[in-house]
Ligand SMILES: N[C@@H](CCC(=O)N[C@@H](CS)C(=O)NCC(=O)O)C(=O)O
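Shown next as C-alpha cells: one chain only, the form predicted alone.
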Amino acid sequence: MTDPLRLYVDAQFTSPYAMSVFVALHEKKLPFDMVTVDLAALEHRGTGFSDFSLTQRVPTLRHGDFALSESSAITEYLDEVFPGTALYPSEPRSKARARQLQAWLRSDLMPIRQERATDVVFYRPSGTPLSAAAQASARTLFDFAEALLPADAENLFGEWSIADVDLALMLNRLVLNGDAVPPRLAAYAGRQWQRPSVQQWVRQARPAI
C-alpha cells in the first residue's frame, strides 16, 4: 500500500509556497489530505507540528513517516519520487534555471513581498502606491522575466513547469493589485492563473481577515 501524503498549509491559504506544493500535487494527480495550520495562533510552534516539521514552517509534506518542509525541496522530491506530469524541465540547464528562479523569488524582491503581500491576490488590493524601493524591485522582476520568457511562449521552458506558477504568482502580486506590469508579462501571468490546478487553490474558501 502506498504511503499516504498529507500537506500542511496556512489556515488562510495565502502562502505562495503552500500554493506551489498544492499545485504540484494536483499536477501529479496524487491523492493527499490537507491540514491547515493557524500561524497567527502559533500552531506551527506547538508540540505536534514541531515534532515532525524541522523548520516549523508551512508548507510541510508528510509522506508516510517522512516529513519535508521548504516548498522547492518538496516539489523536487515529488518530481523524483512520483510519475506523472513533470514539475521541472528535463534538460539540465533549463532545470537549473527553473531552480534558480525559484530560489531567487524566495530570497529577493523583499519590497514587493512586503508591500504586495499575497493578501492583495487572495483577499483585496492595497490602495497604497508602491514605494521607490518596491518600484525598483518590480523593474528587476520585469527584467528577469522578460529575459527568461521567450517571445510568444506560453511557458518559460517549453513545457509547463512549477516555476511558471511561482513566477506568475509574483507577477500577480502587482497585476491583480492594478500596478503597472508590461503587457506581455501580465498576459503570461493571466494564462498561468487559469491552469485548473492553480484555480483549485485560488478558489479555496478563506476565513475573513
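All residue numbers are counted from 1 along the displayed sequence. Treat the numbers as computed from the prediction; the structure is a model and nothing was measured.
The form predicted together with this ligand exists for this protein as well; it is not shown, and the discussion that follows is about that form.
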Q. Can you pick the stretch from 58 to 66, 22 to 30, 179 to 187, 152 to 160 whose heavy atoms fall within 4.5 Å of this ligand in the model of the complex?
A. 58 to 66
Q: Indicate whether this ligand has at least one heavy atom within 4.5 Å of a heavy atom of T75 in the model of the complex.
A: no
Q: Would you please decide whether R106 lies within 4.5 angstroms of this ligand in the model of the complex, comparing each non-hydrogen atom pair?
A: yes
Q. Does the 4.5 Å heavy atom contact test between S15 and this ligand in the model of the complex come out positive?
A. yes
Q) Is there a heavy atom of M34 lying 4.5 Å or less from a heavy atom of this ligand in the model of the complex? A) no
Q | Neighbours of this ligand in the model of the complex among 113 to 127 [non-hydrogen atom within 4.5 angstroms] | A | none
